[in-house]
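Quick setup: one chain, the form predicted alone, written in structure tokens, and binding and motion questions come after.
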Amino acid sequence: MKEKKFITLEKQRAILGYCFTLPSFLGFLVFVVIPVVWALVISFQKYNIFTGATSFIGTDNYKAILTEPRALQALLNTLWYAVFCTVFNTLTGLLLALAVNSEAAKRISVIFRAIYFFPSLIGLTFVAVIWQVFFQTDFGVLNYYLGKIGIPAIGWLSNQHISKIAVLILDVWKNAGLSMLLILASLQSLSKDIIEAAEIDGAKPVRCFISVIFPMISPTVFFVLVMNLTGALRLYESALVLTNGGPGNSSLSLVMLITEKSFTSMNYGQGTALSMLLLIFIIIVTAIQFVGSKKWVNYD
């Protein structure tokens, strides 16, 4: 008689773990890996979106993009968004979290949390339409109140040097609340004993924050920083509704140009080539962030 083979408990647990992770793995494979590989292949071809006919043209799509002034302008704009939207979203979220977590605001912190987080729940397209009215030069709310204090009307959406600032204001108003909520959760999980010990030792509030509080919440701040950076690199709806990339491509983002190339100009090859460049750019920037985080993020 053949001996029966029994599966050990460790193997049973391993098989069960693989079964639980299999749906996520399949989803990642079908909806991420395969589309990225397909886009990479198409980026080296001339692709007819209507018939599906393709012809290999090598790196011509990449050469056309890298020599196109609009693409270079969109890249510079996206870099601008990546820096300023990331910094202001993270910094505003941190300051709001500290304000809501203060002793004076704890009794009404629920109200403040709801007020600051509410914009994150509203559809971005709807919000952008409302802010488009606020930014109007002649009848906008912002210029009305600026005029009350003697500041002349600003062409928020018509000035090439200010249009990106208008997009920045909308992005911070929309997304800073989520950053605040994440950092606030980290602040409220801190041990009060450590903070009280630092205060007993004579640490002032600023020194206590820099030397005690911030190192303990630095992993959460880093996560918020990465989240805001990837969001800024994918900025699309706010700039599209507010300025449509104008005036003079001054607020055009890479994602807007990818959409235009692919679905307006029907140049799917250049659109996918531009999306691959954006993907490479995101990977490089994120890698730099992770390398730099070793100097200031404390996981102990």
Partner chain sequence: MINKHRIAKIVKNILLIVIMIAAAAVFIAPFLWVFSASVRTYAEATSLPPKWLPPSLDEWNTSYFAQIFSGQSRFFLWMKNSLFLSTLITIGMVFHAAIAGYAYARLEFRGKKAMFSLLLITMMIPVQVTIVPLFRIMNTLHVVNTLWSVALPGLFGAMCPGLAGGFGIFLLRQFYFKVPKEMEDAATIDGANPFVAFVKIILPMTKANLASLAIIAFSFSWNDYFNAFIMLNSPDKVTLPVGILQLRQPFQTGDNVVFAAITMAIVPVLVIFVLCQKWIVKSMINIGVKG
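Positions refer to the first chain, counted from 1. Model, not experiment: these values are computed from the prediction.
Separately, the form predicted in complex with the partner chain exists; it is not shown, and the next lines address it.
Listed stretches are 68 to 76, 210 to 218, 190 to 198, 124 to 132; the contact stretch with the partner chain in the model of the complex is 124 to 132, by a heavy atom cutoff of 4.5 Å. Every member of the trio L29, A114 and F223 reaches the partner chain in the model of the complex with some non-hydrogen atom inside 4.5 Å. Though the partner is left out of this view, F56 does not reach within 4.5 Å of the partner chain in the model of the complex, counting heavy atoms only. In the model of the complex, none of the heavy atoms of N61 sits within 4.5 Å of a heavy atom of the partner chain. In the model of the complex, V141 approaches the partner chain with a heavy atom inside 4.5 Å.
Residue contact check for S102: one or more of its heavy atoms lie within 4.5 Å of the partner chain in the model of the complex. The partner is absent here; in the model of the complex, the one residue of I165, I154, L91, L181 having a heavy atom within 4.5 Å of the partner chain is L181.
Taking the partner chain as positioned in the model of the complex, the residues of 246 to 283 that bring a heavy atom within 4.5 Å of it are, in sequence order, V255, I258, T259, S262, F263, Y268, T272, S275, M276, L278, L279, I282, I283.
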